[in-house]
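Presented below, as structure tokens, is a lone chain in the form predicted on its own.
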Amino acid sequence: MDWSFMTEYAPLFAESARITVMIGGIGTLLALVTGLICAWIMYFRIPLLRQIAAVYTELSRNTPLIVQLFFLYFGLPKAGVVLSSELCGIIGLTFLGGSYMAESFYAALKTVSVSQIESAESLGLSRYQTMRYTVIPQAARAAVPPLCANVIFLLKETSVFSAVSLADLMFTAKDLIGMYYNTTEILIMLAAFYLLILLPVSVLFSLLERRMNRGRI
């Protein structure tokens, strides 16, 4: 094990991790917003928009992220639209993640039975009050586990960003392996930095789920 090599290139991995977290974080947040909007559209069965949301989720979930990135990075320039690798990563992650988030949020909303909604309305609660005090609190608890899985999944999917020349962790690892062939050391650092990114997310969501199950949130 070449510890001097790992010490020398650890700062480069740290910078790549910063880029990975930044692009992955922005893409994941936008995916959350997109998924929430689509879930509400499907839940309330809004005409036309519901069909658009359904087509979007099917198209997004059934095409790999790398294909979407290739379309954005290599395909759009043919039509005169040139995007940076960072912007391609954000858009691709948002497009892919939005569909998974939408399905998770929609499934969580559907866990609230119709009888509870009807009971709330029979007590004189408005539609807004019913959603706020009956539907959303229960749906939020049901949404946390799949939400955690989706966030971790999207952060791991950032590993394909190297295909569009984005200097993320995987790009740095492949570049260093090609130059120095210190495969073991590089892969250990790659795995370590992904763990540093993903473990806190997993722990945070676990704590959030426990607090919600105890009724503290």
Partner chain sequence: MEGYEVIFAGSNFIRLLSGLWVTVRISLISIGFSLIFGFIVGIAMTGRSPLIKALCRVYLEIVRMIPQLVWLFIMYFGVTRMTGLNLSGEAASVIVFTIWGAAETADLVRSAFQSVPVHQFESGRALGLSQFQLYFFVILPQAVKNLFPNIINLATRMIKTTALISLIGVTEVLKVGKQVIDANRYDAPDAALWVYGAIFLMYFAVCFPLSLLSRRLTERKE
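Please read these numbers as outputs of a predicted model, since none were measured by experiment. Numbering follows the first chain given and starts at 1.
Omitted from view is the form predicted together with the partner chain, to which the following refers.
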Between the partner chain and Y43, R50 and N150, in the model of the complex, does every residue show a non-hydrogen atom at 4.5 Å or closer?
no
Should L12 be counted as a contact of the partner chain in the model of the complex, where contact means heavy atoms within 4.5 Å?
no
Distance check, L195 to the partner chain in the model of the complex, heavy atom within 4.5 Å:
yes
Even though the partner isn't displayed, in the model of the complex is Q68 close enough to the partner chain, meaning a heavy atom within 4.5 Å?
yes
Does L32 make contact with the partner chain in the model of the complex, using a 4.5 Å heavy atom cut-off?
no
Partner contacts in the model of the complex for 53-67 (non-hydrogen atom within 4.5 angstroms of the partner chain)
E58, L59, R61, N62, T63, P64, I66, V67
